[in-house]
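Next up is one chain by itself, shown in structure tokens, the form predicted on its own.
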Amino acid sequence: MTLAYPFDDARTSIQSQNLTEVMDRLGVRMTFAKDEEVYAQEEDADLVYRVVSGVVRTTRLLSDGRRQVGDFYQTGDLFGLEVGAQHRYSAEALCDCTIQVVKRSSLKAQADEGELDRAIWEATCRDLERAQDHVLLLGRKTAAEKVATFLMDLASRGEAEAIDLPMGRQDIADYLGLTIETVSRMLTQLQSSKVVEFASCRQFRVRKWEVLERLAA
């Protein structure tokens, strides 16, 4: 992706049919309520997770108490893969979620190790690319450009005219490195300019694609 897109079209997922079948066979489906923790920051990273339904956010608590949202994962996405032995971010259910959980050791024992290593490598590379793009977004974009980019990427994800906004204003603010007041002000400006139209606080439509794209560039 070009910028830190919350829902990239090339989102990390297990591409091999064999691995998917192994996860379906060995995995345990667990339900998580809204805001419930899936795994903790600095917890051992010995499990692999896949979103069956819902949306998951990853967050990191900084030493000064501030929270940084790292990414958002939706249906079909693989998450929780780490280069090291522990999770650098925690993961929470953004809404009621069903998550498939598999021990990494079980996958290695059952799946072709080459396929598993390749899937993990691809997932790790994509996470690194998103992290680099996120740094660019945080450090080089204005508040208006950050919010426009965020909305444009959500709108580009699906084909429906009405786009769901599963995350709240505080989640958006913590992802973009802004205050909730700034996010609300930018959204109000975009709606006042008829660039976007909010049917509710959790659903919007893009009215002027060219303007939104220009703001996000």
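Numbers for residues come from their place in the sequence shown, where the first is 1. What you are looking at is a predicted structure, and each value in this text was computed from that prediction instead of being measured.
One more form of this protein should be noted, the form predicted in complex with another copy of the chain, which is absent from this view; the next part is about it.
Worksheet item: Which one, 188-196, 29-37, 47-55, 175-183, holds residues whose non-hydrogen atoms are within 4.5 Å of another copy of the chain in the predicted complex?
Response: Contact criterion met by 175-183 only.
Worksheet item: Counting only heavy atoms and a 4.5 Å cut-off, does another copy of the chain in the predicted complex sit next to every one of Ala155, Glu161 and Pro166?
Response: Looking in the predicted complex, the three residues Ala155, Glu161 and Pro166 all stay beyond 4.5 Å of another copy of the chain (heavy atoms).
Worksheet item: Can any non-hydrogen atom of Lys103 be found within 4.5 angstroms of another copy of the chain in the predicted complex?
Response: Although another copy of the chain is absent here, Lys103 would stay clear of it in the predicted complex, with no heavy atoms inside 4.5 Å.
Worksheet item: Does Phe72 reach another copy of the chain in the predicted complex if we count a contact as any heavy atom within 4.5 Å?
Response: No, Phe72 stays farther than 4.5 Å from another copy of the chain in the predicted complex.
Item to complete: Mark Ala144 yes when one of its heavy atoms lies within 4.5 Å of a heavy atom of another copy of the chain in the predicted complex, and no otherwise.
Response: Contact with another copy of the chain, no.
Item to complete: Examine Thr98 and determine whether its closest non-hydrogen atom to another copy of the chain in the predicted complex is within 4.5 angstroms.
Response: So Thr98 does not count as contacting another copy of the chain.
Item to complete: Residue by residue through 125-147, tell me which have a non-hydrogen atom within 4.5 angstroms of another copy of the chain in the predicted complex.
Response: The stretch 125-147, when checked against another copy of the chain in the predicted complex, contributes Cys125, Asp127, Leu128, Glu129, Ala131, Gln132, Asp133, His134, Val135, Leu136, Leu138, Gly139, Arg140, Lys141, Thr142, Glu145 at the 4.5 Å heavy-atom cut-off.
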